[in-house]
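Next up: just one chain, as structure tokens, the form predicted alone.
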Amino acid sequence: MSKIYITTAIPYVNGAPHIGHAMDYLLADTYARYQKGLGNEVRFQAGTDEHGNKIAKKAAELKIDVKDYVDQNSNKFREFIRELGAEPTDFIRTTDANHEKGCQEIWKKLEDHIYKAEYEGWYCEGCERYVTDKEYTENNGVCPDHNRLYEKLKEENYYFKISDFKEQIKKAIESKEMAILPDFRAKEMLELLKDSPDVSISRPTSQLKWGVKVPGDESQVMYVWIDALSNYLTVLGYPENDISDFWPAKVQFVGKDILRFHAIIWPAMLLGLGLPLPKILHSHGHVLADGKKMSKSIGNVVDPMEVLEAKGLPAFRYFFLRHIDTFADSDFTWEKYDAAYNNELANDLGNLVQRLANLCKKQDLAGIKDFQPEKDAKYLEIMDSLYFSKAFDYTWEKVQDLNREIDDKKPWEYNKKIKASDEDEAEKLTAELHGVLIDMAQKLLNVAHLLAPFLPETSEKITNIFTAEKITPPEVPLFPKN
């Protein structure tokens, strides 16, 4: 048995959970369930990022205490995770006392790579970061993510020397000591690494008050990086506790828009702390709406709660884990969602379960109580590659194969032959029919086993039907058409 640590990026709590957050949680939960199914011990982290000016300003606008504001919003994310059927073992908030204390200890451990300097540059409050002159020029002075003019700021901050670690990070990415998935993202990160400047890690209290105080300097507050990125360690109890049972993380799941911070700043921090790098940084693409990036200004944002409520959790997990490519940008439309539900979940799987269970019931067949899933080497290979949408496609091929087998073997036609046969022949045909049905039931149970990381609720229902004392179809189909 191995000890596996899986992480998700912690969202900023100044807004409601969105589809991008859902992808982080779904992918991590799928991998966690897969690893647990292999018998491994898993820690799966989630949490919320709760400091910064945007939080303080929003609370002030709403005229509520900033701590009450982050409490409310952090709870929204906890509830959202539950709604998705995800089951993290650990949930961290950057306002937790242990986290804040841990950040200050981490800062002290990194002091040999920290210096104070005055800086003047272009700043985006939405991104909470300075941009290079090159980025400013390329974007015509406007942040493309927030559609907001960059501000010219001049202030004295502490800086973390990324320059101390560039060569080590480069070697780690190239050697896949820290693998970045998909591979083409690794090449992007290597290019970004070449021009990566030392990074600002504090702001003066005159500009930012809601945050973790810099140890030894009351005039400065920690800026997002050491505060937010450290959560992956502090949730394990670092630096007070030995975290070597679970660190380095097996996989860290992040969206492509924040990969650069996890591939450059984060490994620099770890190297400065003398800790090993994560084994895999898994970067997923964006969910598009009608082929366009979701944007409040365009008005095409898809509310994940609305999608969840439309057809239920299994349908949500099915679409976003199969039809949204694990690595590439993919499109969501309500038409595609309805088609996937009716043509695939209802027709392919729901109808298969109903037909086969009915055929078994007519023969009064007992469930397969001693069922043991077969080892599927191809499935394991794809799951280990972390290309979950491909693994789901592979599993669905087995659903479709079983549908074709039922149509080809036509078990319902045995009854005519049995009625028209003598006693010995009828007994032989009955035994043959039972063998065909039990073989199909075993294949469907194997499918349910492969589905378990993706659709745990559906997998459990199928397993219960075909391992019961008597096989009986569900009173309501697993996926009623609508």
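Each residue number is its position in the shown sequence, starting from 1. If you're wondering where the values come from, they're calculated on a predicted model, not measured in any experiment.
Quick note: we don't show the form predicted in complex with a small molecule, though the next part is all about it.
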property	result
Segment assignment from 350-358, 287-295, 209-217, 399-407: heavy atom within 4.5 Å of the small molecule in the predicted bound form	287-295
Any non-hydrogen atom of Val254 within 4.5 angstroms of the small molecule in the predicted bound form	yes
The small molecule contact at Ile258 in the predicted bound form, heavy atom, 4.5 Å	yes
is_contact(His18, the small molecule) in the predicted bound form, heavy atom dist at most 4.5 Å	yes
Thr326, heavy atom within 4.5 angstroms of the small molecule in the predicted bound form	no
Contact assignment for the small molecule in the predicted bound form, among Thr95, Asn231, Asn73, Asn157, heavy atom within 4.5 Å	Asn231
Heavy atom within 4.5 Å of the small molecule in the predicted bound form - the one residue of His99, Arg203, His262, Lys311 that qualifies	His262
